[in-house]
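Structure 1 and structure 2 below are two forms of the same protein chain, each written out on its own as structure tokens.
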Structure 1
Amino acid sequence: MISLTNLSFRYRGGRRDALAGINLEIPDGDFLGIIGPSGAGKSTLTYVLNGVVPHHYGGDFYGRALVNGLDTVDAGTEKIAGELGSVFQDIDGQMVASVVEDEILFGMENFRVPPGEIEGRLKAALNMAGIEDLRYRALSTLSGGQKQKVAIAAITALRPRIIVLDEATGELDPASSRQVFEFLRDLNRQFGITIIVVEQKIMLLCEFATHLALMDRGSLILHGTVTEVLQGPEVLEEGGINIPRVTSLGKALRERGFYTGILPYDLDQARTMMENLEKPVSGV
């Protein structure tokens, strides 16, 4: 479990808090999508989770951040990395090897995985990611989606209980983005790995995440299930989030008195909404 209590942080020399009074609990096995405009504090929050803040980015840190019982201020980044793995937007900048196999081996060797376990973990990570056929491929020959899978496989080989991705699909096309999210869903459902994704593609998050968190100006504005968060579309729009089109339709119908149910975020829910429009709002 991740527990953030009265968490605030201001970068050294910053004019305002990058994080301001965050209180949030993320249970084991959750799939959380974090949304918000530029400058909302989303990336800084991920830096707190993996210990980059305050160990590499200094400043004024208040409150407490616990990752599976580890206080991120006291534990240090290497110990936290045993519990939580991170994948960033600049995937090429994160790669350290030239071949898929070496990329996955690098992390295990640096984290001193016992030699007798390395081959088994390597094969398991490749299998989990569905990229066994890429083992000996040069990274330069892979697509964006394939590279993301390699990065996540390298993290899973370390066997963390939590994976955090910061705008990891930002430069990917829709098909590659979906490929990455489907892989994350498999990790979440089959292995119980907690997934935390900072992402601007709201439709993907609505389809794959179980919870959403809206941030703005360093504060946590909304947190709940996807359905719960989308019931406040005005707040999302004020935060610069483009809500799903079917949610916008439901909002417009509700404002005109044609609909009183929950706002939809996918086609099945939209279909149900349209069927309910056939009935008088009064229920008579």
Structure 2
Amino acid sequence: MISLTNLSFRYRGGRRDALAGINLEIPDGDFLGIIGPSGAGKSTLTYVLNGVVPHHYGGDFYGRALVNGLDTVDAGTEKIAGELGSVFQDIDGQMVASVVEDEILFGMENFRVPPGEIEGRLKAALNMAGIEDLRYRALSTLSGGQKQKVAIAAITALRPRIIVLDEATGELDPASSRQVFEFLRDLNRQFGITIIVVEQKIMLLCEFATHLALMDRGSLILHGTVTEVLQGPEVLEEGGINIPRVTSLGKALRERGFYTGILPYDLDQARTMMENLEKPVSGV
């Protein structure tokens, strides 16, 4: 479990707090999507979780961040990495090897995975990510989506209890983005791994995440189940989020007095909404 208490952070030389008084609990097995406009503090929050803040990026750090009981300020990044694996926004900057299998092996050797387990874990990671055929390929020849899968495979081979991804699908086409999310959902469901993703594509989050957190200017504005967070569409729009079209439709129907129920975010829910209108809609 992750627990952030009154957490504030200002980068050295920064003009304002990148994080301002965040209180957030993320239970084990959660699939949390973090949304918010540019500069909201989403990446900084992931840096707090993996210890990059304050161990790599210094500044004024207040409050407490616990990751599976480890205080991130005391523990240091290596110890935290045993609990929490992360894929950064800058994927190329994260790669250390030149061949796919070496990228996955490097992490395991670094984390002193027993030699007898290494080949099994390597194969399982390649299989889970659906990239067995890329095992001997040079990383420089891979597409953005393939690199993303390699980075996730390298993290899963270490078997952390928590995986954090920062805009992992930013450069991917819709089909590859879905594949990454399907893979994450398998990890979440089959192994109970907690998944935390910073993601712009709200529709993917609505489909795959269980909880959403909206950040803006360093603060946590909304946090709850996907349904709960989408009940505040005005707040989401103010935060620069493109809400799902069916949610907009629900909002419009609600404003005009046709609907008083829960706002939908997928087609099934939209159908239920249309069957439960207060009065027939004419002229639409």
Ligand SMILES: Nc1ncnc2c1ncn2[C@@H]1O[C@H](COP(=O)(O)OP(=O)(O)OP(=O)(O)O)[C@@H](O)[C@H]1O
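Just so we're on the same page, residue numbers count up from 1 along structure 1's sequence. No experiment lies behind these values; they were computed from the predicted model shown. Between two forms, the rigid core is defined as the largest C-alpha subset superposing within 1.5 Å.
By the stated condition, namely the form predicted in complex with this ligand, the second structure is the one that fits. With the core superposed, Val73 shows a C-alpha displacement below 2 Å between structure 1 and structure 2.
Relative to the superposed core, Gln200 undergoes a Cα shift smaller than 2 Å between structure 1 and structure 2. Relative to the larger rigid part, the smaller part rotates 12 degrees between structure 1 and structure 2, based on C-alpha fits. On the core-superposed pair, the CA position of Leu134 changes by 3.2 Å between structure 1 and structure 2.
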